[in-house]
Structure formats: structure tokens, C-alpha cells
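Take a look at this single chain in C-alpha cells; it is the form predicted on its own.
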């Protein structure tokens, strides 16, 4: 179980508001997170990953405290061992698709499998500037998966994909998550695009 109880100030276009989230998220399954723009969905993922620290709160994963502001516990992102898919992809411009994956793992069979499910095998030698937006997005996803994280956090990971590609990719990921008993938290402004994933649904800011 992932136990979260956090408060974080948000600076948005309409002024300042507070992300106040308390919940228990199940392990080894998928949780789909929706909510209006500015509600703090991305901020929540970054707090779990250790990329942002809230003013107050706790994050406890499988009984291990990752964050406790009162006790001044705050594990580094490296120690949390999460995979993170950024909304802006955060790819390395001078690395090819293959090099992005090799940076994370030496397992050639795993790399080939990830390239296959993302339909990126033919683009393995391409750098991000020679990829479409949808291809960059798929690369960001499989790069996060390359380290075989127990917990993967995905911020709008399918927004640039066309309908047919999205359907194939989400179906492949759903099977992968299930087979690996991986915990996935997926943020989307369009909950319908996550229909391929069975799991919990939560909404923030509504």
C-alpha cells in the first residue's frame, strides 16, 4: 500500500491554492488520476518521486517511510527507485533511442522487448530531433520502464499518440504491468484514454 497525506502550495494562473491529498493507493496494480488543469496532479507524482517536497506530509510505501516532514525524513529520488515519465519527455538530445535504453540497462533482451511494444525498433538509431512527438512520448515511457521499477509514475504519457497507436501501446503496457506486478500511477486529463487499464480511479481538485 502507498499511504499519502500531503499539503503543498500551488502557484497557478488564478492565484495560490493548496494541494491537500490524503489516500491509500494499492500496490501491484494501476491507479488512474484525473482532475482539472492546475489541480496538482503532476505535483502529486513529483512528491511521490521525491522531485518536490511538500510543506507538510508523509509518503509511506510498503511500510517504508519515504517522506515525513515532521520527522525530517526525505529519501532521495535515487533511493525511491521509481520510474518517471515526464510530460515534456525530458529526453537527451544527443542520445539515440537505443542509447536512452542502454543508459538504464544492459539487458539486450529487455531492451528489444521494450522497443517492440513501443513499435520503435526501426527507429533505434534515431535521436529525439528525428522522432515525431508520439515517438518521443513512447521513448519516454520505455526509458522509464528500462530500469524495471516497482513503481512507475506517468504524467500525461499518451497525449501525443494517435488513436490506433494509443490503443496498441496501452494494451501492451497493460499486459506488461500485469505480468510484472508493477504499480503504476497514471495522470491524464482525458480519463477515457486509459480505458485499456483496469484499476483504481481517483480525481484531484473536483
Partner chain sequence: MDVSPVWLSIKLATVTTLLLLLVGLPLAWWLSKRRTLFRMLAEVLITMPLVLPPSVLGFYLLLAFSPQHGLGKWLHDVFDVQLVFSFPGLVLASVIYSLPFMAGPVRSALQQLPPSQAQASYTMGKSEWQTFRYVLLPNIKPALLTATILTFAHTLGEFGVVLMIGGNIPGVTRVASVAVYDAVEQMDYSLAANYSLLLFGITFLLLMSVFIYNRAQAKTPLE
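Fair warning: this is a prediction, and the values are worked out from it, not measured in the lab. Positions refer to the first chain, counted from 1.
Not pictured, yet referred to below: the form predicted in complex with the partner chain.
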Review point. Since exactly one of 117, 104, 75, 131 fits, which has a heavy atom within 4.5 Å of the partner chain in the model of the complex?
Key: 104
Review point. Applying a 4.5 Å heavy atom distance criterion, does residue 125 contact the partner chain in the model of the complex?
Key: no
Review point. Is residue 112 close enough to the partner chain in the model of the complex to count, meaning some heavy atom within 4.5 Å?
Key: no
Exercise for review: Look up in the model of the complex whether residue 46 has a non-hydrogen atom within 4.5 angstroms of the partner chain, and give yes or no.
Suggested key: yes
Check your understanding: Could you tell me if residue 147 has a non-hydrogen atom within 4.5 Å of the partner chain in the model of the complex?
Key -> yes
Revision key, fill the gap. With a 4.5 Å heavy atom cut-off to the partner chain in the model of the complex, the contacting stretch among 155 to 163, 139 to 147, 64 to 72, 175 to 183 is 139 to 147
Practice item. Taking the partner chain as it sits in the model of the complex, which residues of 68 to 90 have a non-hydrogen atom within 4.5 Å of it? Please list them. Key: 77, 78, 81, 82, 84, 86, 88, 90
